[in-house]
Every structure is written in structure tokens, then in C-alpha cells.
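What follows is a single chain, given as C-alpha cells, in the form predicted alone.
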């Protein structure tokens, strides 16, 4: 019985940390700024556990029955937390309030568990063995949860199903404890009925997790969802309305098939067309293959290396027939080499130089993405540019995120690159900005390929002129240790969406 209870310590520690990780992940998916979300949620959760530990002193008689009740409450609250938060975000305007309410409540309940188990076990173990063994199993459980969550649980099961699974485990711990102490529990039949009811509810949630997620996402996305999957890095959603396909990563629109050509032609051709006889191109991000499609229109190109973090994205755009048609099968071209890796790490390890580099990362919504817009990253970029080469960086909206845009420009200039900013209008996004970075002075091309839908020499000339409301503003340089760009971005886009 002693070892069975110690195993329960291991299990409930695993469950408790998983609920915390899910809350942090969901908040970072839906609210952005992962450092802030994880920091505040972890702090609130640990504080709440401390409150629970303190409150455990007021629990007197009937420790075993109280422990079983707490396990059932943790199971039902923690197990349903992801689905509740998804639905609240989709249909109500109180996401943060409900988020922290659940974090506090689950934290208090989890904080009650270990003190009660210590008191239940104290008659079976000496104090030194009791503390050391309970804490050992507690910390082991936390380790297992931290390893399982990013490697298996989030990418394979998804957040909603993972939540229900660990709620089920909490309910099974309650049922297991009720069986172990069946001779000592009053009203044991009623307790078994409670365990059975909670287990059934959580099992139904686990079985119908996909339907719950779909119900929440139907409100988030106005069009029909034709593909949805969670990878270790992000939530990938593809929607369709008539002939319009739209890709969303963590809820942020990446492109609309109706007007993406405007974005990708503006991204690629002003820089690439200015280079005499370009042969080698590096694309960082852009796992949809749409930038690669534009690059391969230039006959002199011999090799394109695409480095994108998420194999789920590149795999989708290499295999789906509709998406392959959209990117003109660019990811399956013999000229294209795909590498799934962190672009920052890959640049540090790879010594090659390129005639042209496309930096097509998502906007700097959090610090993990913000590092790809820092002086540290741009110094690496400088090293990989050929002497007469150029790079282009997607740089968010110079109209709606003016400080963010000019922060990217100034950061590029601070590492010795010549920055040439420009912008274009994309109906799905609004006014959008780019920056060409080069070691030599940028000279605009005198002509463009004839098979483009949007760009000509005449239209391209206007891209480099900024009206008064998009003129440069004073900004700080984005460094790895301050990530000021993430602060600019969050502040500016919050004002736009309010």
C-alpha cells in the first residue's frame, strides 16, 4: 500500500505540471508573447499551490476521503480546462479572467494533494524516509511531464485530448485510492459512484476532443476548416471559402490564396531581380513554398535551400494536391532542398554564402520569434550574404505597426547592412512592409519578369515611397537581451484590434 501511494505521488505530480504547461501553451497560442504568459501562469500556479499547502492544515478527519474528493475535483477541473478555455476564447470576452481563475483553482487543489498524502503516509514511514521518498516521486513526476509534453502529448494528442487524458488519470488515482482503503471509508459505494461518474465524463471528453476543438475553432475562423493539426511548434489551420484557401498558424493569417501573389512577388522580385545572374538562394521560413515558387521563375537559379522549423508545414505543402498546385510544386523541385531546423541554430552551423536570402518568418508575436529579428541574427545573416548579394526581410505593417517596422530597419543598419525599406498593399493584410538588406548600395531593377501578375517596373517604383503616416520614427535597436521589437509589436497591434 505504501508503494501504491508513492506511485500516486508520481502520477499526480505529472498531472499537475501538465495542466500548468497546457495553460501556458494555450495562453501563448491565443494571446501571444509566450514569455509573459508562461511567466505569469507559472508564478500564479506556484503561488496557488502554496495556498493549497497552507489550507491543508485545516483539513482534519477523514483524510483519505478528502484526498479522493480533491483528486476528483482536480480531474474534472484540470481535465476540462483546455476545452473550457478554447470555448471561452471563441465565444466570450473573458478569457484572461477564466484562465487565471482556473489556474488558481487547479493550483490550490494540486497544492492540497501532497500534504494530505504526507499525512496519510506518516504512519507507514519514518519522517526522513517519508519526506525524501515523497519529494523524489514528486520531482520525478514533474520531469516525466516536462519531457512528455513537447515530444509526444501536445503534437500527437493535442491540448484538449491531453487535458482530458490527465484528468482521467487523476480520476483513476481517486478510484485506486478508494479501492486500497475500501475497509476504512464510510459510504464507500457513494465514493465509487462519484469516481465512476467523473471517469465517464472525462472519458467522453477524451473521445470527443476533436469535436470540441472543431466547435471552438469554427467560431475563431469564419470559413470552413479543411485541415487542422497541432505540431510541436504551432497550431496549423487551413480554411477554405469557394476558391480562397487561407493558412493560419497559431491563429495568425499567413496568406490568402486570392492575393498571396502580391505579397510573394513583392517579397522576392525587387531584391532578386537586382542581382546579376543569381545562382544560390536561401529561404528562411516560408515553409508553404510560395516564395520558392517565385524564386524558381528565374532561370539562372541553380539551388534553393529552404530552412523551416516545422516539418508538418513543409510536409503538408509538399503532399497536398491543392497546395502543390498553389505553390506550383516548388517544394518537390529538384532544385529545392528542404531542411527542418531552427534557422538561428542552422545559420550558426552552416558556413555557406548565398546570392539571395529570403527571410520570411511570422511576425514577432513572442520572444521565440523575436530572436529572429535581433542584431545577433542579422549578424549571422550578414556572414551568409555574398558580397554582391542581397537579403529581403518581411517586416510587418509600416502603417499599423510603424515602430516595429522601423525597428527592423534600424536593427539591420546597426550590424553594417544597407537597409532599403519598401511596402505594398495586400488586401488580406493591408499595407505590408519589407526591407532589402545588402552589403552594397541597392539599385532597383530596370525591368521585371513578364510572367508576374502584379509587379512591373512602373508599379515597383512606387513601393519605395512612404507617405507621411508611414515615415520613420525614433526606435530602439532590437537586441537579444531586450527584445524591444516584441514590446513594440504587441503594443501596436493591440491598439489596432481594440
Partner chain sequence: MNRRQFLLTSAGLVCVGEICSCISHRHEAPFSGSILGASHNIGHLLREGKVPAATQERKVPVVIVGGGISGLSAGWKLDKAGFGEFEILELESEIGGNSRFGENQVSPYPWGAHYVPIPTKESRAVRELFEELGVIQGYTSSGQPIFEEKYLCSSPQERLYIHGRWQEGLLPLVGVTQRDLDQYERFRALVAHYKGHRGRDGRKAFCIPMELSSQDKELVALDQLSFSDFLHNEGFDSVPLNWYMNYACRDDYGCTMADVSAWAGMHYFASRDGGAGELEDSTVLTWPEGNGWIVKQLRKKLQSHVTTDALVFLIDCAPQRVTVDIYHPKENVSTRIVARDVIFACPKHLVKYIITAARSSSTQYLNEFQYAPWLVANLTLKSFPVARTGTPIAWDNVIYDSESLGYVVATHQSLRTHLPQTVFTYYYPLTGTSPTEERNRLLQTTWQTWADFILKDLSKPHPEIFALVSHLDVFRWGHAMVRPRPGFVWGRARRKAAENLDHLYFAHSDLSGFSIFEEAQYRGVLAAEHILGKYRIPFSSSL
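Numbering follows the first chain given and starts at 1. In this text, rigid core is short for the largest set of C-alphas that superpose within 1.5 Å between two forms. Because the structure is predicted, anything quoted here is derived from the model rather than measured.
Another form exists, predicted in complex with the partner chain; not displayed. Remarks below refer to it.
Novice: Among 318, 371, 262, 246, which has at least one heavy atom within 4.5 Å of the partner chain in the predicted bound form?
Specialist: It is 371.
Novice: Between 345, 352, 207, 200, only one gets a heavy atom within 4.5 angstroms of the partner chain in the predicted bound form; which residue is that?
Specialist: Here the answer is residue option 345.
Novice: So, residue 169 and the partner chain: in the predicted bound form, are they within 4.5 Å at any heavy atom pair?
Specialist: Yes, contact at 4.5 Å.
Novice: Although the partner chain is absent from this view, report whether residue 152 comes within 4.5 Å of it in the predicted bound form, heavy atoms only.
Specialist: Within the cut-off, so yes.
Novice: Looking at the partner-bound form in the predicted bound form, is residue 375 within 4.5 Å of the partner chain by any heavy atom?
Specialist: Heavy-atom contact with the partner chain at 4.5 Å: present for residue 375.
Novice: Does residue 179 reach the partner chain in the predicted bound form if we count a contact as any heavy atom within 4.5 Å?
Specialist: Yes, residue 179 is a contact residue.
Novice: Let me test this: is every residue among 192, 309 and 482 within 4.5 Å of the partner chain in the predicted bound form, going by heavy atom positions?
Specialist: Yes.
Novice: Which one, 262 to 270, 141 to 149, 113 to 121, 78 to 86, holds residues whose non-hydrogen atoms are within 4.5 Å of the partner chain in the predicted bound form?
Specialist: Every other range fails; the passing one is 141 to 149.
Novice: If we check the partner chain in the predicted bound form, which of the residues in 226 to 258 reach within 4.5 angstroms of it by a non-hydrogen atom?
Specialist: Heavy-atom contacts within 4.5 Å come from 232, 233.
Novice: For residue 177, state whether the C-alpha moves by 2 Å or more between the shown form and the other one after rigid core superposition.
Specialist: The answer is yes; the displacement is at least 2 Å.
Novice: Is the C-alpha displacement of residue 206 equal to or greater than 2 Å between the shown form and the other one once the rigid core has been superposed?
Specialist: Yes, its C-alpha moves 2 Å or more.
Novice: Indicate whether residue 196 shows a C-alpha shift of 2 Å or more between the shown form and the other one, with the rigid core used for the fit.
Specialist: Shift at residue 196: 2 Å or more after core fit.
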